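Next up: just one chain, as structure tokens, the form predicted on its own.
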């Protein structure tokens, strides 16, 4: 490596700063990372003009014309572009607005006085993924990504090493016991679907699906260390689908339908909001 440090820029699209906070959560490891790089731009130093950098990282969804402009500018001015978090990778929660047109959304929020100043960012017709607009070199998934994954990817890029891709589902990381789900059966695993709030008690050691709670782990790629499951909450799929699965939501519905009566799903509130919560904008079947 040359004496001059590689340069890094972080850009914020329509996001919540959660991925940036996860980056700062490196805490003691930040000193090690800062020894390897030189920050040229991030949301904290208020640098307006973007110069050419070694690594560009974008957080947030592409939801406005401003986001689109920044994404293209970052691609032009960096050697390596990293999609930081679930929002640029799959659309994230902002992508759920694609169920309605942008005009209706603005009217629902602002009523009859929708701001129309030309200097304000204008909503795109739909939230889109970063990779659908520009070439992305690396994806760091998660809402937010783990600090370990951010460091691992950034260090690997700077050292010219390959970042290993995860290929299995989250169930391999989940420490919960599977007492019944892996046993062939003629009947359903459970006779109903319940939300976490509806249960008086949740067994912290047993598979959520065996308790009648929908969990996205079986259609979500590993890599988050099953952090939600460790806190006694079911996976909601923020890491995105397992490689080779074009529709995470449809895959979940297909899988769950073999475990519980399909009629039970009809009484499960917001099944679409759970199955497509993070990947709706990237789902070809939903766009059609």
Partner chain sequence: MEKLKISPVSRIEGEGQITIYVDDNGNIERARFQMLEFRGFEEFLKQRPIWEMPLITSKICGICPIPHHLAAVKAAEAALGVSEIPPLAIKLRKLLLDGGSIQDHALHFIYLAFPDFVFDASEVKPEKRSVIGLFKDYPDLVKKGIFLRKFGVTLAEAVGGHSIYPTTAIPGGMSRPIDEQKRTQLLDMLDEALQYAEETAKLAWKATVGLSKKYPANFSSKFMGLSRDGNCAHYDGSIVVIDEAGKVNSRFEADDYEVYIEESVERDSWGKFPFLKKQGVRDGVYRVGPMARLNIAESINGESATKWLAKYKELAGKKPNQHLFSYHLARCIELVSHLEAVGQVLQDQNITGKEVRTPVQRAAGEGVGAVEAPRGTLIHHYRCNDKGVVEYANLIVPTTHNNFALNASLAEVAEEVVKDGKLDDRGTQRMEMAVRAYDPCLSCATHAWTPDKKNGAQIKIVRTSEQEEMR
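Numbering follows the first chain given and starts at 1. Note that the coordinates shown come from a computational prediction; the quantities given were computed from them, not determined experimentally.
Here the subject shifts to the form predicted in complex with its partner chain, a form of this protein not shown in this document.
- Interface membership of residue 202, defined by any non-hydrogen atom within 4.5 Å of its partner chain in the predicted complex, is confirmed.
- Interface membership of residue 156, defined by any non-hydrogen atom within 4.5 Å of its partner chain in the predicted complex, is ruled out.
- Although the partner is absent here, residue 13 lies within 4.5 Å of its partner chain in the predicted complex, judged by heavy atoms.
- Put simply, residue 143 is close to its partner chain in the predicted complex: some heavy atom of it is within 4.5 Å.
- Shown alone, this chain has one stretch from 112 to 120, 157 to 165, 77 to 85, 129 to 137 that lies within 4.5 Å of its partner chain in the predicted complex by heavy atoms: 112 to 120.
- Within 4.5 angstroms of its partner chain in the predicted complex, the stretch 58 to 95 places a non-hydrogen atom from each of 63, 64, 66, 67, 70, 93, 94, taken in sequence order.
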